[in-house]
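Below sits a lone chain in structure tokens, taken as the form predicted alone.
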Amino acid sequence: MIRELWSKFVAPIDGPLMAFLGLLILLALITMASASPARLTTLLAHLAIALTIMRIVAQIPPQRLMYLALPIYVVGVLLLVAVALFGDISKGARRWLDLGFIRIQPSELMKIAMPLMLAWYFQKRESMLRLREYFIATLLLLLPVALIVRQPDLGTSILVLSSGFFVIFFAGLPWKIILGLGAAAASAAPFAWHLLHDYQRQRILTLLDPEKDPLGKGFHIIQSTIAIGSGGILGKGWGQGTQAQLEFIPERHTDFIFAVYSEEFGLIGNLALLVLYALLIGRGLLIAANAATLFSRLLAGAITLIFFTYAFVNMGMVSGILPVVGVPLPFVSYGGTALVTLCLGIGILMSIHKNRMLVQK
């Protein structure tokens, strides 16, 4: 009986990964209790759902995930098309789809569906990878990204694009092509400027000079950088951050929760948070390195670097070194959909680790 319970509930859980995740969740609860106590109960409910999904996914073998990759990708793209045709408009963006009994944001699904699909594609063509395969993979990536950019949702499109690029990179895309694409993107930047929406251009201009509109477009960045700087080395203490408690920090429970955390726990707290993210990412990359198949290695590597992208972009925009693009701080920011997506990724990593010794034929 005990062995059966262990096999069903405990064995799929990777200890180090769960420990790092647990510490991040603890920091999230502590910070949320200060930033927005009224949302703490809802955050606990989101956590319960996300961790349940994580445990379920951790028990699904990577082989079965591979079989689900193509259907999930196709459904995700069809839902994005449905959003473009029938989606609800909120704050000038068409990102949500009302199914009657539930309202969903299909672009969130693509953060996992995209690396699943490309890992499946490269697994099927493992013995014959040529430039043609990388080109087709790029088209598979750009289709959903274009649909998400059209909504518009720059933050999610960056995350989906990154998740797909990481798979293509780990699959062996030559460096000369990567450098060539980078040079082409840099040279095309002046032309891309005219393709951006007005609010996207404004965010970039605000990044360069937030003082130009201190009570309007630059308010977020100015207040968040003040909060980070005022935290000093040791921070002001839990619940003592003036920028947060006096509500100078907009979206302090979601995208800008890092500013609240920095003000209250200072540089020492930030270093502790960075170490936790580094340990989580390092564990994920170790799981990827020891995976049994190309599919598992590509998927684990891409999911792990998605966590890095989340953290890097969020901390960068809150610190004023990147434009504000609406990316949450992973496992810390309030938000049910993002939390479920991230814990689903953790569950996949646990599944790959559990089945690392299995050899597919």
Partner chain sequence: MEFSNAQEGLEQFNRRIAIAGGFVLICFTLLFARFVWLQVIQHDYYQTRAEENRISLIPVTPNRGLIVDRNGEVMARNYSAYTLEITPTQVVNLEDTIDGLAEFITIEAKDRKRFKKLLEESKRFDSLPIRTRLTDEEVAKFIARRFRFPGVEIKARLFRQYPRGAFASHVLGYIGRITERDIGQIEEEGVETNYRGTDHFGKTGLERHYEMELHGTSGFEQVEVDAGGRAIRTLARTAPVPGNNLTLTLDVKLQEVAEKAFGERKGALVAIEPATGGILAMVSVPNYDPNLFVDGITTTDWRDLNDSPEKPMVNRALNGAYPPGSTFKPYMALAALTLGKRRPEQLLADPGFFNFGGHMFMDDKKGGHGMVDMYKSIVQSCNTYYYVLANDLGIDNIAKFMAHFGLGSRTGVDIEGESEGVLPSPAWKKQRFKKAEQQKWYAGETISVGIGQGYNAYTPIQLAQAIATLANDGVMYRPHLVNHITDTKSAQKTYIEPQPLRTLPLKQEHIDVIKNALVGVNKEGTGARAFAGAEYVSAGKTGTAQVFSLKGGQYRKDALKQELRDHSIFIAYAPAEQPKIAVAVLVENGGFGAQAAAPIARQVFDYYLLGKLPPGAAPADEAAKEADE
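Residue numbers count along the first chain shown, from 1. Just so it is clear, the model here is predicted, and its values are computed rather than measured.
Quick note: we don't show the form predicted in complex with the partner chain, though the next part is all about it.
- Proximity to the partner chain in the predicted bound form, defined as a heavy atom within 4.5 Å, singles out one entry of L285, I158, V77, L97, which is L285.
- Listed residues S107, S163, Q151, Q223 were compared with the partner chain in the predicted bound form; Q223 is the one with a heavy atom within 4.5 Å.
- Annotated contact segment (heavy atom within 4.5 Å of the partner chain in the predicted bound form): 172-180, selected among 172-180, 111-119, 79-87, 140-148.
- Though the partner is left out of this view, A278 does reach within 4.5 Å of the partner chain in the predicted bound form, counting heavy atoms only.
- Proximity of R125 to the partner chain in the predicted bound form falls outside the 4.5 Å heavy atom cutoff.
- Proximity of F258 to the partner chain in the predicted bound form falls within the 4.5 Å heavy atom cutoff.
- For L274, a non-hydrogen atom is located within 4.5 Å of the partner chain in the predicted bound form, even though that partner is not displayed.
- Contacts to the partner chain in the predicted bound form (heavy atom within 4.5 Å) from stretch 243-277: Q243, L246, E247, F248, F258, S262, G266, L267, N270, L271, L274, Y277.
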